[in-house]
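The data below hold one chain only, encoded as structure tokens and taken in the form predicted alone.
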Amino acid sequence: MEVIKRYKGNPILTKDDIPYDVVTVHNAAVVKYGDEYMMVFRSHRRNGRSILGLARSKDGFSFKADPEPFMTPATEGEFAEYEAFGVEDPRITVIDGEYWMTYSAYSQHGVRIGLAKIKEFKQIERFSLITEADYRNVVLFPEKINGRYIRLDRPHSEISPWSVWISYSPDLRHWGDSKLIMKPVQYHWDEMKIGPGAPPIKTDKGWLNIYHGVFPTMDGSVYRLGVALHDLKDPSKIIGRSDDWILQPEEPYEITGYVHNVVFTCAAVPYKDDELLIYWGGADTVMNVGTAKISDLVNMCLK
């Protein structure tokens, strides 16, 4: 069963489409803003460090990049020290009409998660560094639940490696009451590590969490996508989790590139009735899109 139907025009954005010098385009956040789809994508520069660019689309498939980068590492203030090695892997969540972006901030101190507010996709207002090192893959829920903001994240731990945790906040700045809610499954397609992908999507059956899972092979790791369903009133409770992956590297642009055998998502956008547009980076090199039925993804979790 083909869960995600790849767009025939993939890849939809490559380094050749960017009007400034980059060597990759991948791991992008995508949201609707007015009548446009806005894509904030990660790119490596030739020095190996990452910046974020912005591309726009009317239909969600054909994107055109802005002439200048959207976000580069801070050079002054409290963020400068922790973004010195690059900014990576954005996710954008709309909460009460405001566009909030989490991103990975790399430096000599490791990787922390920054939170910024995007204003009209013209200005980025850095808000807070919301984790210590070493965290990645932070996604925010699009509404408060029981009076608090909620996030999923993936800290690195040698004791319980690369699992999904949940945390709570009264103000998006101070986070706590953290607990582990989802772990890799032994001898399964996601046995090495897992991490949140797209921000959670609300359905009538629960919060849909599209996550990535990694399997080690003799030829290196393979990144795939799967789905889990969280309780609407208490997202720390997992209702169900897909036994199968929903997407794996199969096309040449996913198998070969900067990092081979990778599909990695940071975004899924409601599209038509019961449909999602799911965006993913291929081989850490290009951006792709496909469509999936929300009901199919939910049923995979329930069955």
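When you see a residue number, it is the position in the sequence shown, counting from 1. These numbers come from a predicted model, not from an experiment.
The same protein has a further form, the form predicted together with beta-D-mannopyranose (BMA), not shown here; the description that follows concerns it.
- Interface residue remark: Y223 is counted as part of the site for beta-D-mannopyranose (BMA) in the predicted complex, having a heavy atom within 4.5 Å.
- Although the partner is absent here, D17 is not a contact residue: none of its heavy atoms lies within 4.5 angstroms of beta-D-mannopyranose (BMA) in the predicted complex.
- For S43, no non-hydrogen atom is located within 4.5 Å of beta-D-mannopyranose (BMA) in the predicted complex, even though that partner is not displayed.
- beta-D-mannopyranose (BMA) in the predicted complex is approached by F264, whose closest heavy atom lies within 4.5 angstroms of it.
- For a residue to qualify, one of its non-hydrogen atoms must sit within 4.5 Å of beta-D-mannopyranose (BMA) in the predicted complex; none of T102, K202 and V269 qualifies.
- Contact with beta-D-mannopyranose (BMA) in the predicted complex, judged as any non-hydrogen atom within 4.5 angstroms, is confined among 28 to 36, 254 to 262, 52 to 60, 240 to 248 to 254 to 262.
- The partner is not shown here, but in the predicted complex the stretch 276 to 302 reaches within 4.5 angstroms of beta-D-mannopyranose (BMA) through a heavy atom at D284 alone.
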